[in-house]
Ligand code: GLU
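One chain is shown next in structure tokens, namely the form predicted on its own.
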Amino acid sequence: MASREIRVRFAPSPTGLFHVGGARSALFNAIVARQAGGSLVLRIEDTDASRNRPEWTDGIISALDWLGISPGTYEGPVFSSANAELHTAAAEKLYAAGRAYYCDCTRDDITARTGNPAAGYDGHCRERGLPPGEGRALRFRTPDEGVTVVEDVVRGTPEFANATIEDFVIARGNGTAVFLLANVVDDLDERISHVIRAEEHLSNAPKQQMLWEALGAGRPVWAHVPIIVNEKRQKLSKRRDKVALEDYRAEGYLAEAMKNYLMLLGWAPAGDREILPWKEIEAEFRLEDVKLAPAFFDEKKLRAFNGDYIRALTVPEFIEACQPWLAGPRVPWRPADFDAGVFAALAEDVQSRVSILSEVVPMVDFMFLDAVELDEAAWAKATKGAQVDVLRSVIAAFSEEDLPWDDGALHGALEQAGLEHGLKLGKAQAPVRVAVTGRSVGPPLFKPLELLGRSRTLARLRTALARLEG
């Protein structure tokens, strides 16, 4: 095997949005290929036409590109459906060699013979010598005795007793190949040397290894990486869990953070490091070091990772990264009211407070709106007792024409108003923040007040106070 060219493949089915588990498998495959100077093939498993959509294939390509696996760095995409003739030829070869036979049994037939609806195939047609015919499936003749050993880089040498593996179908009654055969034929056609995929496919490995060997091709290097589970240690499910890479991308997770985190699902670099440059991950990753235990997809940890990556950006890089959200169709302000200079002035403070880029808009929307909608719970909490008196005092202080309208002077005036009513700055500024921004959290208050201007700031404070007094 050492002398073989390293060729790996990522072979998703275009049946929905791109699963984070698939993204991890793609990254593992891509790194193995790059480390060895080998090749990565993108193969679309599209033989089930009823479940495929072209836009989902486009989504796979786009998601891979976002992760840094761009067109030109892999072969393809190639489509399994294009190999239909090869699939048929392989089935005929196995039949001609006596490694497969035709079967006309229905599920009801098998149940009637075994008395068990869940029973596997009982080998009824093995020696009947049925020729090909309409509605007759082609079954692989598995060995009656012995074991099939799957030599796996991650899992060691799991053994499967051949007696427990039924004579499985390799071609349907209409002549089309099933996944097990099509997958092996495609791998052979593409000269795949390593099959790196999720643990859930391990049960297929002994059957596929039999097919590899029956077709005269030896066997690949197997590597079944651990499944990814949720906080309840259940396998991540599209129906139950947030698993679509597109959703995380739309929320404002950075590609570098996502790549780093996905690589830690089943593998870890040496030492206590978790956040590290991609070049170091590429250099250090080894399939042999992938763990057996299921990998927990912790969204809170991913969010924290992303926050660290955001804070590592330069301010210009952060501003550039925010553009899709600031100019998107869902922003609450009129496009003409957005001021790029104002956002740039606040960017550093915003950058230190967000974990995902979609949090940026609610941090700054008050700067570009004519009026704000108050968070009722925050407003009620911010206007208890002396805080209402502070609001009146702040309005009076901010109305003084000789008060310089800059963040330092505004800070001093508000702090003084709080002290007059026995409140420290944190409590004193609460009603002002909610009145001006609509929320209780956001960037430091005084630079936004300076940029918002005296008249707009006072208008919001007076509107809020009138609401209290009304």
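Just count from 1 along the sequence shown to find any residue number. The structure presented is a predicted model; accordingly, all values stated were derived computationally and were not measured.
The form predicted together with the ligand exists for this protein as well; it is not shown, and the discussion that follows is about that form.
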item	value
Interface segment, criterion being heavy atoms within 4.5 Å of the ligand in the predicted bound form, picked from 102-110, 178-186, 357-365, 118-126	178-186
Sole residue of 194, 139, 207, 197 within 4.5 Å of the ligand in the predicted bound form, by heavy atom	197
Contact label in the predicted bound form: residue 24 to the ligand, heavy atom within 4.5 Å	no
The ligand contact in the predicted bound form: residue 12, any heavy atom under 4.5 Å	yes
Residue contact check: residue 172 to the ligand in the predicted bound form, 4.5 Å heavy atom	no
In the predicted bound form, residue 353 touching the ligand (heavy atom, 4.5 Å)	no
Neighbours of the ligand in the predicted bound form among 200-232 [non-hydrogen atom within 4.5 angstroms]	201
